[in-house]
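Let's start with one chain on its own, the form predicted on its own, as structure tokens.
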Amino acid sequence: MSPPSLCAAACSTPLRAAPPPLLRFRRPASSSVSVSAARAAAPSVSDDLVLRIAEQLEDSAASSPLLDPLRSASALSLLSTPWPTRRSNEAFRFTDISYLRSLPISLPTQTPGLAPPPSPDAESHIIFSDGLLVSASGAHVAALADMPPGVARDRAAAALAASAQFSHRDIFYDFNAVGASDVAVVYVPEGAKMAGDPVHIMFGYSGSDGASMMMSNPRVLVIAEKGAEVAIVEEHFGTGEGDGGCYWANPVVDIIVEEGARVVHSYVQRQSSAAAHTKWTTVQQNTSSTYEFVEVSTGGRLNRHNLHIQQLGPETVTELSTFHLTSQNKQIHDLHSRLILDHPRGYSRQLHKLIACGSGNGIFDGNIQVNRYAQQTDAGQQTKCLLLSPKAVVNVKPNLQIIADDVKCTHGAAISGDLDPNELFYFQARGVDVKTATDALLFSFGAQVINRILFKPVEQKALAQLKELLTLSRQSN
């Protein structure tokens, strides 16, 4: 069942005076629903860890009428959601998330820790520190709690209420909904053009002392109205000593692209080597809209990204480019993407690239679903993987599900343990030694995706890190 449109409510729809009661795991003075009653009303949970984390998140999150419908739906979902394992859940068949159970979960205090510095190259920026919203600055950027009554606030509230019905949610999406303290909102009104002035969203994580795993749940909502254009640049990284240490980052970004609008989205993940990173990105595109996405993920001990996109109108364009690098031992990088096409003349291209070093594990599960009325669709998907170590593992599953009969769809997968000998010979024939040629080819393999980041400061930083990580991985192999 496809998720409903986040844009179903009109921009001027007023907030209801009496929102539905918030389901809680524990019974505070203001609630009549006890955890025992809630458990009796829902199937039992196979792992008490889910409830313990949910209770911690609920107790730490401040009350918010605008977030209550979403929190209540996710709280109810968690009551019947067991902890996913490789045996019990097909979506985690190749992804071992036991690292998340290795330490007790702690939560950040309400006083933000060390925050990343403001971006000197972008006038509009959003800063999160350990999941807490520190700053939101720009012409069309605000914290949900600070938005004045009006069209933008109503649109944000309607989108969050509709996301409570998102049918593809998993345990990480629900944890974020219950634990998010606030939502950073990027609202671009009809016809506004912000593609040349990117919104730089910085997520800094300071971690803990190693006795626990600090969990953060930042949330961002992007709404591009009819004919609007906006560029979004996400950076996730550790701050402080040791690049942040041990922590669990669990962000969610929801994006709405209205008719004729364009969103250019860059996402760079360079977390601490001891961090866990579980992310959801949901995108809903209306008629004749364009969504361009570039991902570069190199950090974290455990990294999982769920990317869910739905084309809600004809003549819609979706372009996805992703690059993952597992440069340390036992590092896990997982990309689960789903693109749903329901209307005629949709266009999509997806390129996924991965380099696995040491005993790293790379997973790609890419699903493109072309439904009955998506006639004259043009969809292409390709994944390319390099294994630089005999202990590295890659599991890829590119797949097309086609019901329409007038389509042009292609997909392919290439996994190799060696570089193309013809490319190496090309360099050697011009006097370049094998080591230099190998370094150049590996660097260009990832740079093909990184160069698509339109925000130059972030692009240059990602290229420099790629070069450094490749050098270190070659020294250790």
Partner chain sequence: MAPPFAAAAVSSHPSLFSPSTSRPAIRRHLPPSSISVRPRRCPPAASAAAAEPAGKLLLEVHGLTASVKETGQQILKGVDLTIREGEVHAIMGKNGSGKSTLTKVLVGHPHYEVTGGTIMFKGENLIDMEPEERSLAGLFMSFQAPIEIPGVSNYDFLLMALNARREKDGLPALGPLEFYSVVSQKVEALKMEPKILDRNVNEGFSGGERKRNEILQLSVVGADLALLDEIDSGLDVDALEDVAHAVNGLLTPQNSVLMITHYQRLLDLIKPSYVHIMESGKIVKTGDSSLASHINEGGFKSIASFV
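Numbering follows the first chain given and starts at 1. Predicted model only: the values in this text are computed from it and were never measured.
The same protein also has a form predicted in complex with the partner chain, omitted here; what follows describes it.
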| item | value |
| --- | --- |
| Interface residue in the model of the complex among Ala413, Leu419, Val432, Cys409, criterion: non-hydrogen atom within 4.5 angstroms of the partner chain | Val432 |
| Contact check for Ser77, Trp83 and Leu100 against the partner chain in the model of the complex, heavy atom at 4.5 Å | no |
| Ser60, heavy atom within 4.5 angstroms of the partner chain in the model of the complex | no |
| The partner chain contact in the model of the complex: Gln56, any heavy atom under 4.5 Å | no |
| Contact of Leu49 with the partner chain in the model of the complex (heavy atom, 4.5 Å) | no |
| Close approach of Glu423 to the partner chain in the model of the complex, 4.5 Å, heavy atom | yes |
